[in-house]
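One chain is shown next in structure tokens, namely the form predicted on its own.
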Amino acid sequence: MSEHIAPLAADTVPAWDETVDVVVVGYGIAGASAALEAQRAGAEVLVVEGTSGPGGASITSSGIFYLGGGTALQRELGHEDDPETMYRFLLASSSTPDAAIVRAYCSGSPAHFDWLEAQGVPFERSYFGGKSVILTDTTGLFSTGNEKVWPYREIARPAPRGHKVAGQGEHAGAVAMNAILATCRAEQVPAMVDTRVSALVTGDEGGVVGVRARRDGSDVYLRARRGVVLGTGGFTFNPAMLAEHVPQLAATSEPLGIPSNDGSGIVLGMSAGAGTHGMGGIIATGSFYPPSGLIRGILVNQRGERFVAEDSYHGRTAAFIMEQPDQKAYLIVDAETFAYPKITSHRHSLVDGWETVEEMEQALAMPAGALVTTLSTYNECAERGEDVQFLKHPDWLVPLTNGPWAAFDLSFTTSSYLFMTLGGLRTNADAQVLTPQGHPVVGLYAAGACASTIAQDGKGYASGLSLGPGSFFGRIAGCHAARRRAV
């Protein structure tokens, strides 16, 4: 879809093929949540989905919702949390989010968990206390962000907030999505599939009053008396938008999601005067752990310097790797900490092993003495139990003094980092789409990956900050649109 598409004026529409209160564009978790809540609020709803069936990228996800503030799952498993603590963490760890959006999400998080369960989304009452990228079993709660990483562990008391749906395998999101879709079917939410929205329709005063879509080779015009909700996903599969906004991606970077995550909803919103936010932000993942023991190693760049605390969330680590000279990075371990990364698909290759640090430094073409100094300084700190440079958590702090030493290549340009975009339409806490000046685009809402909400980049991301805010602000959008005065 062209980024220069113009909206249609309502007086140019030949005839409305259908008129409802709220048109929802996209049938992933944001769209489904919006449609349910709008219909329950008394609005006449129609979901328009461009592919042949519902589910979106949500149905292929790992099924993690980042929730907290004292959810039923947290309480029942004995983990203390409250909305204020969650708010302090997210505001500190996420770069330039709208504080009102973060506040709304944290305050509403416990009730949103209850809502998910009420729709049939299952969460097992079990807890995993280790450090993992994803869980492939049915465990319900684990830590999925930077809560225990300095300085955030001092800003807000850490709490596990990764609420994982009770599904097996790497795509447990299907369990959550299918449960919500079953509720939509039970409540007879109307939907059109194989119907791709190609333009927004605006009224005399510029507000959005409907959409034009392509179905069976013909244009159809769908009027929305109260509002249009965009839930179309990000732009992970749009090469032109990626080249413009995320040029730091490498040839080995691999997109996460589905091909229809092409930025079409963002382009539609912009055509109606919407602003965007965080378009350069991505979450990339190419974790070197599990096994978690590898976190006891150190990460260095081509200059032989450490650049991040090794116990950081894998998306934060990847974001820092992308910023290093030539995007090169190595994991350095000794004989005691050595192990092969279990996620072989990331292609973090073993470079070699060496009897001395000097030999390793020379083989990796680092400046003379740089890695020797870095490792010596680190080992001295580890002996004292305090990482003075990055304040790596003491749980992962051990001297790397038992040769031989080895290096794994974690470079962004050679390993396979999976990524998805985080930037999107600018919105407020009511999920209203905003102009660049911060004014609502009348009648237009957005939720999910086409909207910019909490996480702005990989440094501030936590697993579950897609499904969680996507479903939460989808609900907000549906409710708010349903309450608007009909036009």
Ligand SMILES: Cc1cc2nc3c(=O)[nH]c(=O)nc-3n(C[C@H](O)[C@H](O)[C@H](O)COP(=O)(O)OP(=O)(O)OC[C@H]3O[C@@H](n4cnc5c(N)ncnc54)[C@H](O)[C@@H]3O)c2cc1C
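Computed from a prediction, not measured in an experiment: that's the story for all the values here. The first residue of the sequence shown is number 1, and the count goes up from there.
There is also a form predicted in complex with this ligand; it is not shown, and the following applies to it.
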(request) Counting only non-hydrogen atoms, choose the one of 148 to 156, 230 to 238, 379 to 387, 335 to 343 that falls within 4.5 Å of this ligand in the predicted complex. (result) 230 to 238
(request) Answer with yes or no whether Ala72 is in contact with this ligand in the predicted complex, where contact means some heavy atom within 4.5 Å. (result) no
(request) Please check if Thr435 has a heavy atom lying within 4.5 Å of any heavy atom of this ligand in the predicted complex. (result) no
(message) If we define contact as a non-hydrogen atom of the residue within 4.5 angstroms of the partner, is Ala431 a contact of this ligand in the predicted complex?
(response) no
(message) Using a 4.5 angstroms cut-off on non-hydrogen atoms, would Cys106 count as touching this ligand in the predicted complex?
(response) no
(message) Which residue, Val209, Val197, Ala176, Met86, is the contact with this ligand in the predicted complex, using a 4.5 Å heavy atom cutoff?
(response) Val197
(request) Answer with one of His171, Arg347, Arg303, His79: the residue that has a non-hydrogen atom within 4.5 Å of this ligand in the predicted complex. (result) His171
(message) So, a 4.5 angstroms cut-off on heavy atom distances: do all three of Val201, Gly203 and Tyr445 pass it with respect to this ligand in the predicted complex?
(response) no
(request) Sequence order please: the residues of 244 to 258 with a heavy atom within 4.5 Å of this ligand in the predicted complex. (result) Leu256, Gly257, Ile258
